[in-house]
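Have a look below at one chain only, the form predicted alone, in structure tokens format.
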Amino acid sequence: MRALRITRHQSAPELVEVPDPVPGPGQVRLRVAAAGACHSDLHLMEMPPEQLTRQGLRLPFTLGHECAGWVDAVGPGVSAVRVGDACAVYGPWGCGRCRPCARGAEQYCEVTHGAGGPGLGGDGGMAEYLLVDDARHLVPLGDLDPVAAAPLTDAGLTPYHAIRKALPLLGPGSTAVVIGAGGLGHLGIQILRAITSARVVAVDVAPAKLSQALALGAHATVPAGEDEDTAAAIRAETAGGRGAQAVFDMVGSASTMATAAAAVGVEGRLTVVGLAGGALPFRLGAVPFDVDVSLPYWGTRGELFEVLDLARAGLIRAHVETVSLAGMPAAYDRLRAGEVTGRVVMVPDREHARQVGSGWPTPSIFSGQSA
């Protein structure tokens, strides 16, 4: 099969031929329907060798941690799924035995420390097949389209986990701010509208993303500029100018974190979701009094069920652009340049050809397709 793999340190991924995976005891092989492209993938491409080693990553490996598809083969002892089942893949794979894993929070596994799972420690879904280590990491999709569901496993789950933590602050009269209205942010806006009564303010540098944010339910938008000016504009959108009860920084750069700290109100919550690597000074005067600062990672298996339920109810949907496996290197370049307004989703070449050339129905959430 063909797979998009990082084969050299600090280099672009390469499309190579690798053997089809064969499921062993307890394992499941998935015929990949779709795999989302994430900024985390760009960080992996750029990461120095010593940092990759610290995170338990060894080259080469296949990219792709947002995955969905159909069960294609099962190993001995697997009875929880059957061939043909449509499933989403829960991405952070833990040991299954430690305390966090026991409550479904495998992203905080005490053994793998976040380095398990497809595309983040093992071979991912930017390929024709994906080997899943355990059936517990598969969530049934039912009637959900796997292509639409794939990005929800991270770009939907990660904001959902962060927002659930802030729910006590997001009652009537509150304001929630989403900084970065792209892949994570455009779903965060919808989740906020679906499960809270907060006024939602979206912030971004790109006019197209701000327009999309309004279309997806944001009550107001603020163009990102100088940190102080942006924060003042955000505060003007909050009750009495007191600042937001919750700010979700979907970027995580030094600039966006400075804006977030200046925009959050007293006793508010500042959640850094993005992985751009910025730092936030935490001292008297750097943030308002009694502000909680949070750095969550992904979400629990139970929360993924809830995210998919929101999608099934029509309350959230990923803005998806499908790209063939062969087109993914160019798509990552566009992602790096900030030219993607939603989520690029890889559809393997055989499925992509069927979809665009053989009359497959195209869900309305698709913004476009490219070869």
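Just so we're clear, the structure is a prediction, and the values are computed from it rather than from any experiment. Residue positions are given as counts along the sequence shown, with the first one as 1.
The same protein also has a form predicted together with a small molecule, omitted here; what follows describes it.
Only one of 22 to 30, 40 to 48, 322 to 330, 307 to 315 lies within 4.5 Å of the small molecule in the predicted complex by heavy atoms, and it is 40 to 48.
When contacts are defined as a non-hydrogen atom within 4.5 Å, none of W70, G114 and A135 contacts the small molecule in the predicted complex. Contact with the small molecule in the predicted complex, defined as a heavy atom within 4.5 Å, holds for exactly one of A260, M250, M126, A246, namely M250. The partner is absent here; in the predicted complex, the one residue of G265, G274, G94, P146 having a heavy atom within 4.5 Å of the small molecule is G274. Among residues of the shown chain, A224 is one whose heavy atoms approach the small molecule to within 4.5 Å in the predicted complex.
At the 4.5 Å threshold, heavy atoms of R269 stay clear of the small molecule in the predicted complex, well away from it. When the small molecule is considered in the predicted complex, C98 lies well away from it, no heavy atom lying within 4.5 Å. Contact check for E106: every heavy atom lies farther than 4.5 Å from the small molecule in the predicted complex.
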